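In what follows, one protein chain appears twice in different forms, each by itself as C-alpha cells: structure 1 and structure 2.
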Structure 1
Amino acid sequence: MKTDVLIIGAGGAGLMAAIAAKEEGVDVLVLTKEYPTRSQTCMAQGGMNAALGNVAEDSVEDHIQNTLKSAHGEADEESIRFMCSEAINAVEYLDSIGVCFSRTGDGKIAQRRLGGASAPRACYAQDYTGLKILHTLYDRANALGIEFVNDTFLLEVLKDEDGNACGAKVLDIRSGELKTYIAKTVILATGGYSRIYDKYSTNSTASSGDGIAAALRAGAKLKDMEFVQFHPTGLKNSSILISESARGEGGYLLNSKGERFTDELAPRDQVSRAIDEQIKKGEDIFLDIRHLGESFIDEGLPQERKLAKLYENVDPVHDLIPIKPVAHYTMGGIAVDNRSQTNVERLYACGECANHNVHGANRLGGNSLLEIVVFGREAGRNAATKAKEVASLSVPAHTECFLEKEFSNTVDFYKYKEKIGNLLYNKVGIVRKKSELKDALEELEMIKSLLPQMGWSDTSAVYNTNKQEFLEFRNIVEVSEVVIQSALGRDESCGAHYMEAQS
C-alpha cells in the first residue's frame, strides 16, 4: 500500500496533520490502532489556550511569558513564541469548521483561567473541549475525503538503504496479518506515554508510547523523557481525572484528620508533592467540594459529580472524594526541529509523542490542545512539501520483526505490566531519589530480560488483543527504560522532575 504522506495516529495532532497535508494537494493515508474519534484527545476537558482577551485583558506576550516560566528554562523561546502567536489563528480555524466553543453573552468565545495563566485564556466547550475538537476535525477530514485505516497497529517505522523514513510495518489487528505501507514521508502522532504508570495514570489505555518506542528503534532521538506531569486529583481507585476546575471553583484538599495542608491553587507539581508527602505519612487525602452546594455542583461541575459517583461510589455533594496524584501528561518525546522533523530524514512527529520544545519541564493546562493543533498543522504542511520534493517511493531495507521471535510464554506479562506501573510510581514518581532510580533501572532491566519468556496465549489471528497488549508491553518496557535513564541523567530538580536530597 502506497501513499505520499503516511500519518500514524488520528488524535487531534494526527487529524490536523492529515488535513493540512491534504490541503497541500498530496495523497494522505492515516493509520490508527483505534477509530479516530476514540483517541485520547476526546478526554480533554479544561480547554485550549489562546490570548483572545475575550473576557479580561490578555496578550500573546503574557501567554509566552507564562509558558516560559512554567517550562523552567527547558523550552525554546522561539518555538513558544510561534505557538502562542499562532494560537489565535488556531482557535479561529477550529471555530470556522464548527467546533462548538462556549460563548460569552455578546457572542465571543468564552475563556476561563487555568493554573499558571495570568488571565482567563482557555477556550472551552463546556466540559468536553477535547471531544468537540476531535470530532469536528474528524468531520473536516471526512469532508476532504481523507482515508483512514482503523484497527492498525504500528510495529516499526521503515527506512530505505539511505536511512530515509519510507513507510511503516503494521499489524492489521482484525486479520492478524503483517502489512507494509510505503510513503514518501511519515508523520508520527501516536500520543504520550503516561500509561507506563499503568493504574497510576489518568490516560486512555492506548497511551503506551508505541510511536515513541518505534521512533527510538528507527534511530530517532528522544528528549526530556524524565518530565512526567502528575495531576494532583486522580480518583483514588481508578485514577480517573477530577478536573482542576474543582479546586478552581473553591474545592479544598483535606487529610484524614480533616486538615487543609497546602495551597490548593499552587502549580500542579507543588500540589502533587504536598499530597505525596501526606500520603507517605500515612494520611488518606480527599477533595472536599461539599461546601459549594448541590445546585452549584450540578451547574458547574456535573461531570465531576458523575465520575465520583460512578468510579468512587461517593457523592461529592455529601461525601469527601478520595484522591491521589497520578501520571497525566508526558512532556518528553521524539525530538523535532521547528519544522517538526526528527533527526531521521523524512520522519516527522507532532502532538504528545513529539517534543516541540514548548512545554519544557512543566506543561501549562490548555497548552497541549493548542500544541496539537498548531504543530499538527506544521507537521502536515512540512511533510507534504517534502513529499512533493521526493521523486519516487523507496524500497524499505530489511527490519527484524519482533513478532517472529521465539516466545516461550511461561511468564505472565500482565503481572509485570502492573509491576512496572508500581515500580515507576514508587521510584520514578513525584519525588525521586538517585538510589531509588538506580534500583528501578535494575529491576526494569531484569523485567526486560524476561521478554522472551513472555508472549501471548491467545493463538487466534483475528482481533488478538492479548497479542496487541503484549506489543504495547514491549513498548512500555522500552520507554520506561529511557524515562529512568533520563531521570538518572539529571541530578538537579527541575519542574516535574523533583529530586530529594539523599540523607
Structure 2
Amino acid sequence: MKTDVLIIGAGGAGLMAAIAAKEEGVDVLVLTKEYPTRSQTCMAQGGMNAALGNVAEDSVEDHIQNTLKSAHGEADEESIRFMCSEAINAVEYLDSIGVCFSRTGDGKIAQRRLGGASAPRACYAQDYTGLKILHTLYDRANALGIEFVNDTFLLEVLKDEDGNACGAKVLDIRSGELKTYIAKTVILATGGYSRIYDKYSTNSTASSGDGIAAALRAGAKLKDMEFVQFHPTGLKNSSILISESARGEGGYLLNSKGERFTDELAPRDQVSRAIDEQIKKGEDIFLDIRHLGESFIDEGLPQERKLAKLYENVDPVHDLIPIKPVAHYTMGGIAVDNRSQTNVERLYACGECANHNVHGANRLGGNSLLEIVVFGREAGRNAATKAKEVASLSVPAHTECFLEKEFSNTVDFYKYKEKIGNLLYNKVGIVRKKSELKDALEELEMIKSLLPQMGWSDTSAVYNTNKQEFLEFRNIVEVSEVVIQSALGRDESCGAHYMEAQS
C-alpha cells in the first residue's frame, strides 16, 4: 500500500494535516487506531483562543503575552507569535466550513474567558467545542475524498537505508494481519500520553503515547516530557473532565468548610497545586456552579451537567460537584522545528504528540484546539511540499518486529498497568520530590524487565483487544521511563513540573 503523504492519527491535528496536504494536490492516506469521530479532540470542551474582541477588548499581543507567561519561559516566542497571529484566520476558516460556534446576541462568535487569559478569548460551541470542530473537519476530509483506514495500530515508523522515514508497519486490528504502508513523507498525529497515569487522567484510554514511543524507537528526539499538565477539575470518582468553562462562566472552588481558597481563573498549574494542598490537609474539594442558574447551565454548560449526573450522581443545578486534579494534557512530545519536521528526515509531527514549543511548562487553556488547527495545517502543507520533491518511494530497511519476540504470558500486564498509573500519580504527579522520582524510576525499570514474562492470552486474530492493550502497555512503559528521567533531569520547579524542597 503506497501513498505520497501517510498520516497516522485522525484527531483534529491529523484531519487538519490531511486536508491541507490534499489541498496541495498530493495523495493522502490516514491510518487511525480509533474511528476519527471518537478521537481525543472530541473531549475538548472549553473553547479555542483567538483575539477576536467580540465580547470585550482584546489583542493578538495580549494573547501572545498570556501564552508566554503561562509557558514559564520554556516556550519559543517566535512560534507563539506565529500561532497567536494565525488564530483569527484559523477560527474564520473553521467558521467557513461549518463549525457551529455559539453566537452573541448580535450574531458574532461568542467568547468566554479561560484561566490565565486577560480577556474573554475562547471561541466555543456550548461545551462541545472539540467535538464540533472534529466532526466538521471529518466532513471536510470526506468531501475531499481523503482515504481512511481505521482500526490500525502503529507498530513502527519505517526508514530506508539512508535514514529517511518512508512508511509504517502496523497491526490490522480487525484481521490481526501485519501490514506495511509506504509513503514519501509521514506525519505523526497520534495524540498525547496522559493515559500513562491510567485512571488519573481525563483522556481516553487511547492516549497511550503510541506515536511518541514509535518515534523514539525510530530515532526521533523528544522534548520536555516532564511537563504534564494536571487539570484542576476532573470528577472525583471517574476523572472525567469538567471543563474550565465552568469556572470561566463564574464557578467557584470550595473546600469541605465551604470556603473559597484560590483564584479559580489562575493558570492550571497554580489551581491544581492549590487543590492538592487542600486535599493533603484532609479537605474534600467541590466545584460550585449552582448560582449560575438552571437555564444558564442548560444553555452554556449542558455537557457538564450531564457528566456530573451520569458519573457522579449529582445535579450541579442543585448540588456541589466533587472534583480532584488529574493528568490532562502533555506539553512534551516529539521535537519538531517550525516546519513540523522532526530530526528524522521526511518524518513530521503535529498535535499533542508533537512539541512545537508553544506551551512550554504549562499550556494556556484554549490553546490546544488552536495548536492543532494552525500546526496541523503547517505539517500537512510542508509534508506535501517535501513529498513533491521526492522522486520515488523508498524501500524500507529491515525493522525488528516486537510481536515476533517470545512472551511467556506468566505475568499479568494489566495489574502492572494500574500499578504504573498509581506510581506516576503519587510520585511523578502535581508535586514531586527527587527521592520519589528515583524510587519511581527504579520501580518502573523492574516492571520493564518483566515484559518478556508478559504478553497476551487471547490467541484469536480478529479484534484481539488483549494483544492491542499489551502493545499499548509496552508504549506506556517506554514513555513513562522518559517522563521520569526528564523529571529527574530538571531540579528546579517550572510550571507543571513542581519540585518540593527536601530537608
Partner chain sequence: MKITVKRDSAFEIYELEDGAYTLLEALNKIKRELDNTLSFSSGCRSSVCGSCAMRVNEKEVLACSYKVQEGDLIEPLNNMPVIRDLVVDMDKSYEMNVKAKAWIKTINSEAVLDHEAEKINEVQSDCILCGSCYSSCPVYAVNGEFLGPFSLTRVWKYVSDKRENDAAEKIDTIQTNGIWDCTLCNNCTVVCPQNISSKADIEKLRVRSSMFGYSDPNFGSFGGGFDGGFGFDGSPSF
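Quantities reported herein were computed from a predicted structural model and do not represent experimental measurements. Between two forms, the rigid core is defined as the largest C-alpha subset superposing within 1.5 Å. Quick note, the numbers are simply positions in structure 1, starting from 1.
Enquirer: Return 1 or 2 according to which structure is the form predicted on its own.
Expert: Looking at both copies of the chain, structure 2 is the one that matches the description.
Enquirer: Can you say which of Gln229, Ala87, Leu444, Ala122 is at the hinge when one rigid part swings against the other between structures 1 and 2?
Expert: It is Gln229 that sits at the hinge.
Enquirer: When the larger rigid part is held fixed by a C-alpha fit, how many degrees does the smaller part turn between structures 1 and 2?
Expert: Between the forms, the smaller part turns 10 degrees against the larger.
Enquirer: So with the rigid core superposed, the C-alpha of Lys257 shifts by how many Å between structures 1 and 2?
Expert: Its alpha carbon moves by 4.4 Å.
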